[in-house]
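Before any questions on binding or motion, here is one chain by itself as structure tokens, the form predicted alone.
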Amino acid sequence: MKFLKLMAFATVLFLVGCKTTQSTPVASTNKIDAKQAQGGMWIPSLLEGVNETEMQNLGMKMTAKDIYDVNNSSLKDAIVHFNGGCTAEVISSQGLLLTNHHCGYGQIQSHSSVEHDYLQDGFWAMNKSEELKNPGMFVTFINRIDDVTAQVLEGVLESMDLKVQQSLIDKNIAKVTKHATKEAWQEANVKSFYKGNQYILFVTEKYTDIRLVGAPPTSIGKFGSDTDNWMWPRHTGDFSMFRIYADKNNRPADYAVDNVPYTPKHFLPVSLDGVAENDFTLVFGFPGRTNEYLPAVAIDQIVNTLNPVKIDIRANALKIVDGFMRSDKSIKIKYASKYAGIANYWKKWIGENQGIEKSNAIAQKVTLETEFSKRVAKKDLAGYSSLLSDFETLYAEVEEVALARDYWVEVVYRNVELLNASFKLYQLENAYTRGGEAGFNKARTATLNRFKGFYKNYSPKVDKPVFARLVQMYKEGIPTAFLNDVLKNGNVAAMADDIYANSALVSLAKVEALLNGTPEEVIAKLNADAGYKVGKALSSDFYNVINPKFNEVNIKIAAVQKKYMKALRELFPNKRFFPDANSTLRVTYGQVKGYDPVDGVSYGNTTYLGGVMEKFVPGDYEFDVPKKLQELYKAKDFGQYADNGKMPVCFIGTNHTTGGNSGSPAIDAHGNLIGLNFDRVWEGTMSDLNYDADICRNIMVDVRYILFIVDKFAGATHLIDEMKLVHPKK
């Protein structure tokens, strides 16, 4: 089975990475000039100066104002935050959106059934009337970005108690947000940067009528699936298309039949010229979260204590779910999106650990900290002298509770679905405690609505063995100080038999009956339910013991980290520090480049359709190839999208990306779309903690492959006609 092969492969690479802790990183023929250092996620409104010069030295032909301009159309007007998690871009004058297949996966799945399986067969609306609505979906444009640091930190003193300090900051943020200049249909929010040393206001526009336009079958959009996830060479056509609709004034509006396609301020022209080694690339999007400035002790804790536990828990869950998905098509449809979500970070954490070891990141942190201490002593900065020892103390204090928290999140919240349902019901019971009958009734309605989607894709026969295995791991692995009596004194296997035979939490109908009645009646029934009893005990542990302790220590860590960030910028004035990702709009720039992952292995920068055929395994859910795609390849019928007779599929670059950059456009030197970001190479997943330009590569679908699939494979030529196709190199 491929899952078992993948498990073995991942384990071998993980162990190899661990064994090479002291080895010297392999020299790369693609080493990047230090004068053109790449990496970083930069705020688009602050690119003028060093960033602009650096981008132009890398080959960019645009100016900073071409990328971000408040008063005129610019690239930022074509970029949206897609459904709060991914990125998408407008690629036509009619609001056509391009994003990843995996970003639209949930919507594609929601429209699928055994009779109409759009995951298996793909979906293409051949006219606008066939486009499918997606209730609850939204995209967000950034209208304006303002630095409001002075206003947010007004009156805030370092001498203040941390809670008092944060309370004042929160009040100032509320004031800034309330008085922000904006239109009635716009929103405003403030985000923290540089660990609380800078604050920026974002004025946004949120559109909620988003319709599915097209998606290739998963045999294209997810080709390689979990085996190829985070890997290079890659051959995945990871894209889907949606459309933004607006009211007659082009403003945000909920779904309505008479809404019209959105007219953008700017859309991205699409280049047919392809890429070559060292071509400039700009990736524009909403990276989710990075932690580039953690101390060595924190990185060590992540790599050697926290990640291994999370990897092990998810590996066990994946093995069980994979077995059911392979033997039952209805379960495969139900669990496809969930399985992909579990596998994604499981494999990412393995690669992250491997990359940290390979790049010698912890030793590099120690070297920086040694120099930091020297500069503190030389300048006699007493306020900074204890920062590193404070980190040592606090990370020692937080380790056990951080481990307990990860066990809870991975077992109760993420991977055992019945326990996740019990957690939602625990919140419902608490709503009654806090808000009485009115609060309970409001929460009950919301909970039931969420459960309708939850149970649509739930199978107790899958969940039961996951419960039995993972709860046993929880019992055996969580630090004893956080293990409650319910598990300590219980037999997990017998508990699973009892719960899945008798609990109401195994079906929507039973849960609806359970929640019928007065608040007092419902709570009484809940507390008599076998599944809820166990879930409540674990959720109570989290709320009353684990999370309060975790937050208590992390407030202290955050205060030290904020001061450390300030000190780094002060003591290393010639070193450039970009702000960590926080799901706000960022620019990352680099070049198309191959790389050398290990000694004796060199990877080129582009893959081709021939590689898809080399991986082709008939009938395999990861590596099957649609018959029509086989025929197009055999006939070499690539149209205007070929490159010297071959069909490009993916390419890699040195752009510094992370989760949230999925669906981000890869833009050329002139501002045209050349690709669609969707992944990173496995060796470079550690870029969330330590970017290394020698081994960190982002993976992009070549836009010509997207056009080829839309045109030649799907026959949706009307979508090609919508776009502006250009030849900037010619």
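The structure displayed is predicted, hence computed values, not measured ones. When you see a residue number, it is the position in the sequence shown, counting from 1.
One more form of this protein should be noted, the form predicted together with a small molecule, which is absent from this view; the next part is about it.
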Check all three, F284, P665 and D668, heavy atom within 4.5 Å of the small molecule in the predicted complex: no
Heavy atom contact within 4.5 Å of the small molecule in the predicted complex, the stretch among 66 to 74, 700 to 708, 671 to 679, 53 to 61: 671 to 679
Sole residue of G659, P579, G531, G351 within 4.5 Å of the small molecule in the predicted complex, by heavy atom: G659
One residue of H102, R405, K365, R314 in contact with the small molecule, assessed in the predicted complex (non-hydrogen atom, 4.5 angstroms): H102
Exercise: W230 in contact with the small molecule in the predicted complex, heavy atom 4.5 Å: yes
